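The chain below stands alone and is given as structure tokens, in the form predicted on its own.
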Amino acid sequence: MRRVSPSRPARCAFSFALVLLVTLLAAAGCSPEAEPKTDAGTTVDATDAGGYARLVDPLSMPLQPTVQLDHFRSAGDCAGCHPKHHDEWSQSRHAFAMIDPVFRALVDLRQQEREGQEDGFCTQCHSAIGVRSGDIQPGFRWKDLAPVTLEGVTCEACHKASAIERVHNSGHVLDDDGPLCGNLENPQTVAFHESAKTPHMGEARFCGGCHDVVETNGLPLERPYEEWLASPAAAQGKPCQDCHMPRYDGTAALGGPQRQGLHRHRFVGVELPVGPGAPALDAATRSELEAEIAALLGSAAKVQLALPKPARGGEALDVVVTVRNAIDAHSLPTGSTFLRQVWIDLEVVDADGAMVYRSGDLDANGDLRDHWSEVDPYGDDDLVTLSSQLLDVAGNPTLFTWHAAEHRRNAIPAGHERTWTYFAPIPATTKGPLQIRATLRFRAYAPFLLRLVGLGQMVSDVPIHDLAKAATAVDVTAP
């Protein structure tokens, strides 16, 4: 078996960033590009009044509180007038932001290693209210946090964002005494709250304020907004909300006026909340959410297969696989891909159904046979993955962003494609025709990572999605 020989990646006129807080595998079969470092913002080390060292950012991780916790209402308080939006939000990853057991496990590891000094880094986006109000302190415990802090990206975490100061690392301005901001024309002020139209609520940069993440050392980790800026979607004026918050006509509040183009608040993405604390969903709701996720993932990519020459027994068969990113707004993969795997599963099967060649299969633990496989590390020489790789100062793969000195990415930019050539050895006695199948696969969590952080029981809850497939057949001639 010979190693994959990739063609030159499709060129792009812009610098794009792939997004991982942790890398789940060492990339094989491609030439990854190192992610350049950038300015992390205004983060500095400081000492609080109690003499405790901590990471400080005047906007998102202030040394002293800049908002008051009791000035923020619970999402449950909003449900009385906005039941539809509340129900949708409660099923979303935003509502799960501070409950997600994988997120908590990674925060706990960083907390232990950095002795609480950087406890605000991940939580600055996952609970801006909790960090800026001072409810989240160095060395915090989950069970001690206030209910509105644990609501994560709750209603007023977005709707009290009065401005965007920067487009990464919780870059929005929270006004705890201000009106509720939205994107509706002629918003109604009611007894419960004032209302204001703020254009940024309908713009991609509003999402970028939290979904673009830069490590404390300046290393870009998650950059979907940066990718969007150079995408066809941006050129067409199509923001993130158009896909992730589909529009409908109706009323924004009980008794309110009929409106056109309201946004759904499920924030459809690539996975359902899973694991301890996940919302209980009835069968109909789960089926509907799964269909939305399947539709989103099913439109993400295209796969093509080509065979440049005939198959001959005793020789290697050249199999050319091309993956096109069909997303018009960002790279494939993107978003919170620190828990993601995207790879090519290539099979060559003979006339009797026997596997002649395979790359992209899983080991006995359900992991890819790459650097992180416990059963067969580096056992798949030809593995092609679109995931990125974090390296420490010694150049070794690392899982944790606070150890990373370099970020290498393999993502395909919006609307672009990339091609790899596999060389599949065909034994002289192989009986044709050969069936050749290429599948681009995705899953939200790597099993080895779940086991590593003590969440092995969640492995069976994480499905593998097939994003795109291609198949062909070829006869085999004698040696």
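Model, not experiment: these values are computed from the prediction. So that there is no doubt, residue numbering starts at 1 and follows the sequence shown.
Below: the form predicted together with heme C (HEC), not depicted.
Visitor: Choose from 216-224, 307-315, 371-379, 344-352 the stretch whose residues reach within 4.5 Å of heme C (HEC) in the predicted complex, heavy atoms counted.
Guide: In the other structure, the partner sits against 216-224.
Visitor: Indicate whether heme C (HEC) has at least one heavy atom within 4.5 Å of a heavy atom of His193 in the predicted complex.
Guide: Taking the distances in the predicted complex, the answer for His193 is yes, it comes within 4.5 Å of heme C (HEC).
Visitor: Could you confirm whether Val320 comes within 4.5 Å of heme C (HEC) in the predicted complex, counting heavy atoms only?
Guide: Outside the cut-off, so no.
Visitor: Would you check, heavy atoms only and a 4.5 Å threshold, whether Trp402 touches heme C (HEC) in the predicted complex?
Guide: Residue-level check for Trp402: yes, a contact with heme C (HEC).
Visitor: Find out whether any non-hydrogen atom of Gln91 is located within 4.5 angstroms of heme C (HEC) in the predicted complex, and reply yes or no.
Guide: So Gln91 does not count as contacting heme C (HEC).
Visitor: At 4.5 Å by heavy atoms, is each residue in Trp142, Gly277 and Arg441 next to heme C (HEC) in the predicted complex?
Guide: Looking in the predicted complex, the three residues Trp142, Gly277 and Arg441 all stay beyond 4.5 Å of heme C (HEC) (heavy atoms).
Visitor: Just give me the single entry in Thr398, Asn183, Thr285, Asn365 that has a non-hydrogen atom within 4.5 angstroms of heme C (HEC) in the predicted complex.
Guide: After the contact test, the surviving option is Asn183.
Visitor: Though heme C (HEC) is not shown, can you say which of Leu289, Val356, Ile136, Cys207 has a heavy atom within 4.5 Å of it in the predicted complex?
Guide: Exactly one residue meets the criterion: Cys207.
Visitor: Even though the chain is shown alone, can you say which residues of 92-110 have a heavy atom within 4.5 Å of heme C (HEC) in the predicted complex?
Guide: Those in contact are Arg93, His94, Phe96, Ala97, Asp100, Val102, Phe103, Leu106, Val107, Arg110.
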